[in-house]
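Encoded as structure tokens, the following chain is the form predicted on its own, with no partner shown.
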Amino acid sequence: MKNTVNHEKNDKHEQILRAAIKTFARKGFYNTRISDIAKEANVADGTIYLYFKNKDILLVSLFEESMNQIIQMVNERLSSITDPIEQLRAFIKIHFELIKKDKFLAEVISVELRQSNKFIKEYKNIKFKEYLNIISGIIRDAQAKGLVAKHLMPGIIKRMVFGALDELTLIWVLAGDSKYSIEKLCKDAAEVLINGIAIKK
């Protein structure tokens, strides 16, 4: 009986998060009311508050849980690749695959998170840092194998890589495939970023 209750609770939690992602993407974070999310999730307004204290906490929660799933997926995919340059190429590909797979989530992460003062000022970004550290780990491995110049700082490169991917994500979210195909963005990003740091042989 207890397992059934926990399962139902987890399902409801996930149901609310998915509804929040869709609603934030469609209406914008500021214009979204808890009642809008409840309607999308097909639950009572009060049910939302059983799981999330307020709209900002809901936004942070969906970011953390989404990032946790993304990090697990990236680590699993990269674990079978030994060449760090190919790992970086795969990382970029996975990033864009996830964007194309869930445009609502991509829009929330690239656009709506920036609209929450609580997120910007108070959130410690633990999961985001973990995501960035996957990149810096790849760079350190590449440097150890003589594939990337050792004077380059992994901490700077990881932010440059993510900054480029984040900007391209924003462009695609706003313009869609009508202007830039996700495949073209992925190909060009990998070519520019990898050629920019790899040692020429």
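Predicted model, so just to flag it, every value in this text is computed and none were measured. The first residue of the sequence shown is number 1, and the count goes up from there.
Just so it is clear, the following notes concern the form predicted together with the DNA, a form of the same protein that is not shown.
Screening Ala149, Ala144, Met160, Ala44 for any heavy atom within 4.5 Å of the DNA in the predicted bound form leaves a single hit, Ala44. Contact with the DNA in the predicted bound form, judged as any non-hydrogen atom within 4.5 angstroms, is confined among 162 to 170, 25 to 33, 129 to 137, 66 to 74 to 25 to 33. Shown alone here, Ala175 lies farther than 4.5 Å from the DNA in the predicted bound form, counting heavy atoms only. Under a 4.5 angstroms non-hydrogen atom cutoff, the DNA in the predicted bound form has Lys12 among its neighbouring residues.
When contacts are judged by a 4.5 Å heavy atom cut-off, Leu50 counts as touching the DNA in the predicted bound form.
Although the DNA is not shown here, in the predicted bound form the stretch 136 to 162 places no heavy atom of any residue within 4.5 Å of it.
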